[in-house]
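First comes one chain, alone, set out as structure tokens in the form predicted on its own.
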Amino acid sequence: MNNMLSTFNIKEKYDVVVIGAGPGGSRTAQLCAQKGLDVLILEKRPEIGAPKRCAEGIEKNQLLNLGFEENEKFIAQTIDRSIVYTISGEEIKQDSDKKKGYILERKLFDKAMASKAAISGAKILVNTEVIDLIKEDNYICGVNIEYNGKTYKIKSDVVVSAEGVEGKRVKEVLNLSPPKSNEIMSGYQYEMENIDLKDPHQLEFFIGATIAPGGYIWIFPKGEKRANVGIGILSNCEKSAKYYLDAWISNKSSLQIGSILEENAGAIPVGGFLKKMTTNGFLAIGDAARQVHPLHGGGLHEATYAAKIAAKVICEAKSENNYSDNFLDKYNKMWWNERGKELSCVNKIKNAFQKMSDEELNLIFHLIKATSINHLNSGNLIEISKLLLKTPKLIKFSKYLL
């Protein structure tokens, strides 16, 4: 091996190579390393966590399950409640006496996740581009990388793609078709300072086909006068996500007074879940595997949950010395049983909502107000169907839930 990589004690062979140092990749690496596997994480960006690509929210239990405390430095704000607004002014509130969640500084959080992986024994190399995968005897068995202008070969028993929504290796290896128009959203977000927040411990969501076609606008507070203000819309809209967000902000004096600290944009997979996320010596997790909640677009929990399943299967593969697609298929089955079925139900609800006009969204959210928004997030098709059938104007949307 070239002296450059030897300087950083990078080996020529690992049990596991993880492409991508986001939360899903780092969590997979951490759990595998804790079981004694030799793990290498490769991150193409020069800095882990930058730029951020999400609204930075996480539920309290999810954070604790990752091994963190409630006083971590990367916690920007505590969240106690949320409220959903429709175009007509309908409000759906969710309150709690207990802290329900947090808004993170993702640039710090992602590094903290990577640090956990490194402390557990995983090796991390940033500013490193994966050129292609090494394939021998129909098995993925490593990667060819470029670092500091030079190329290197690193072998492995398993390659994990945690590359994010771009997922180049996943598309190549699994021969994926492009997502359908309703399976990908365009997102745009400002981090704003010196704005007037209604409640700095409350999430705000704004629903309407005219203000955010197929999606919603959000305000996620990060302090007393600072927040992420963003939007997600269907990717096939004639106008951009930034256009819709700017148009909405132009009518909000409470936001117009603020300053922009950061702008973020990107694609969000919302559906099109993969039945097969593996092949010989290879598996995919997180956004690369389209493991995102299709209704609210959150991927942090889904990526780290999938990482737990992936690490378990990889460790079993190591003990059996079996990295075949047939063995790694356990990961597909476990994920579909534990998350895929529920998310597929949520996706049906999303498909119905994306077809609704402002008037129809007002009607359904008026009915939801009397029950619980949790029926939406958990994919409770029976309860949502009951609501649709209550109103003649909404009955036609029940076909999307079948």
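Keep in mind that this is a model prediction, so the values were computed, not measured. A residue's number is simply how far along the shown sequence it sits, counting from 1.
Just so you know, the form predicted together with a small molecule exists too; it's not on screen, but the next bit is about it.
A single residue from the set 215, 294, 299, 281 has any heavy atom within 4.5 angstroms of the small molecule in the predicted complex; that residue is 299.
Among 130, 174, 234, 229, the residue placing a heavy atom within 4.5 Å of the small molecule in the predicted complex is 130.
Only one of 216-224, 327-335, 115-123, 255-263 places residue heavy atoms within 4.5 angstroms of the small molecule in the predicted complex, namely 216-224. Contact between residue 318 and the small molecule in the predicted complex is not found at the 4.5 Å heavy atom cutoff. Contact annotation: residue 348 falls outside 4.5 Å of the small molecule in the predicted complex, judged by heavy atom distances.
Though the partner is left out of this view, residue 303 does reach within 4.5 Å of the small molecule in the predicted complex, counting heavy atoms only.
Within 4.5 Å of some heavy atom of the small molecule in the predicted complex lies at least one heavy atom of residue 164.
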